[in-house]
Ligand SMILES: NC(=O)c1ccc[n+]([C@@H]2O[C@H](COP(=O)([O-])OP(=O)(O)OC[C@H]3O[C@@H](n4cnc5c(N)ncnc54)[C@H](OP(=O)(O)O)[C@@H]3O)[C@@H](O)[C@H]2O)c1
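Taking the form predicted alone, here's one chain by itself in C-alpha cells.
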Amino acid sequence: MSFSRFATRGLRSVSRRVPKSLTQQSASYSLLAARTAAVAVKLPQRAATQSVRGMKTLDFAGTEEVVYERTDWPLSKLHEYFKNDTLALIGYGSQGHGQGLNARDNGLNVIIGVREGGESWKQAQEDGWVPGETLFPIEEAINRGTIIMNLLSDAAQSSTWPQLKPLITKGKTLYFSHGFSVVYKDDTHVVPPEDVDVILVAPKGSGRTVRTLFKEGRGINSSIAVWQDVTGKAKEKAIALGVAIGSGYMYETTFQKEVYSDLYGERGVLMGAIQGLFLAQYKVLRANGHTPSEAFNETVEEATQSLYPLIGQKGMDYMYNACSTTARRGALDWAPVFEKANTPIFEQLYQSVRDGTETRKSLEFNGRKTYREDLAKELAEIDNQEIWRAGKTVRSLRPDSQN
C-alpha cells in the first residue's frame, strides 16, 4: 500500500533524532518501548493447546494453526543465528524503509542496495545509511550480501530480474515480502535459481506500520512461507527474519495463498470496496438533501473514529452489543442483504486474482513510461471528490488534529 511522502518522511525524521548509541543497542526489540518489548505477550490460556520451542498451536474458531512468536527469539539468539550473515535489502520504499531500520535497530548487519544518486539513495542517507559502508548500488549490495531481500516494487522486480538473477549465487538466500513475482512467473519471468533457499515474510500492513509498531514495542503480524528449501533450514530462517524485521507473531502460509489473499484483500474490504461503499452511501445522502458535513460524518467519520476501532479491539459481536437497539436491529437486518449482493462480486474478484488478470493489469500499468503521470491523475480524481474534500474540514476539527 502507498502512503504519502510526508508521512514517510515524518517517520524518517523520528529515526534520525535517535542517538546513534541507541540505534546500535542490542538489548531490546524497540528503541522507544524497551520495557514493553521485554515483556512476553500473554496468550489466553484456553487458546493454547500445545506449546513447544518456537511455536504455539492455537485454536482459531475450531481450526488449529501454528503461530510463531517473537518471544521465542530473544535478541541474543537472533544475533547468534545471523552472526555470519549480511542482509542486503534491495529497494528502499515503504517496506524497505521499515524492515531495514527495524533489522538495523535489532543489531543485525544490514546494507541497502538502491540506484546510486536516486531519490531512494538520498532518503536512505537521511536515515543514516552510509555510502560505501551500509549503502551501495544494487549489484554491489547483492554481491556483499548473504540474504538478498528483494523489496523492489512488483513491476521493478520483473524488469530488473535479468540483471539480478546471475548475482544470486549458490549459498545465498532469496527473500521476498510478497509472493507476486514468483507465483506469477509466467508474466513476471522471475524464476529463482534452483540452488538457493527462497523464503517470504509478508507483514500484514504497510512499511510505515511495520516501523511504528516496532517502535511501540508491539510488533506486526506477518505471514511466512517457503518457496524453495535447499538447506533444510528455510522455514527456520524465515521465522528468524520475521522477528528481525519487526514481527510479533508469524503465521505459516504459501507463496501462492499469500499473494492471492493480498491482492484480493487490497481490492476488496481493505481499500477498493471501502472506497466504493463510502462513495455510494455519501452520494445517496447528498442526493437526498443532506449536507456534506452530515454525509461525511455519517459515512466515514463515525466508521473510522468510533465503530471500526471498536471492531478491531473487541470484535463485531461486541460492537453490535454496544450500539443502540435501533442501530442493532437495522444492521442485523441489512447485513445479509449486503452479503448476498456482494458475494458474486467477491467471487469475480478472486477469480480475477487467481487467473492472473489482476497481475497483468498491474504489470502493464506500473510498467508504463507515463506511470507516475497516469497515477497522479487517478489519485487527483479521488482527492477532488466532494466526500474527501469535506473530510479534510471534518478532520481539521478533531480535538487531536495537528492542523
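Don't overthink the numbering: it's just position in the shown sequence, from 1. Computed from a predicted structure; not experimentally measured.
Just so you know, the form predicted together with the ligand exists too; it's not on screen, but the next bit is about it.
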I need to confirm a contact call. Of 173, 106, 222, 95, which residue comes within 4.5 Å of the ligand in the predicted bound form, counting heavy atoms only?
95
Just one of 168, 156, 323, 226 has a heavy atom within 4.5 Å of the ligand in the predicted bound form. Which one?
156
Is the ligand in the predicted bound form close enough to 235, 254 and 265 that every residue in that trio has a heavy atom within 4.5 angstroms of it?
no
Proximity of residue 371 to the ligand in the predicted bound form, heavy atoms at 4.5 Å
yes
Mark residue 276 yes when one of its heavy atoms lies within 4.5 Å of a heavy atom of the ligand in the predicted bound form, and no otherwise.
no
Applying a 4.5 Å heavy atom distance criterion, does residue 78 contact the ligand in the predicted bound form?
no
So in the predicted bound form, does any heavy atom of residue 151 sit within 4.5 Å of the ligand?
yes
Only one of 159 to 167, 211 to 219, 226 to 234, 280 to 288 gets a heavy atom within 4.5 Å of the ligand in the predicted bound form; which is it?
159 to 167
If you apply a 4.5 angstroms heavy atom cut-off, which residues in 135 to 150 are near the ligand in the predicted bound form?
138
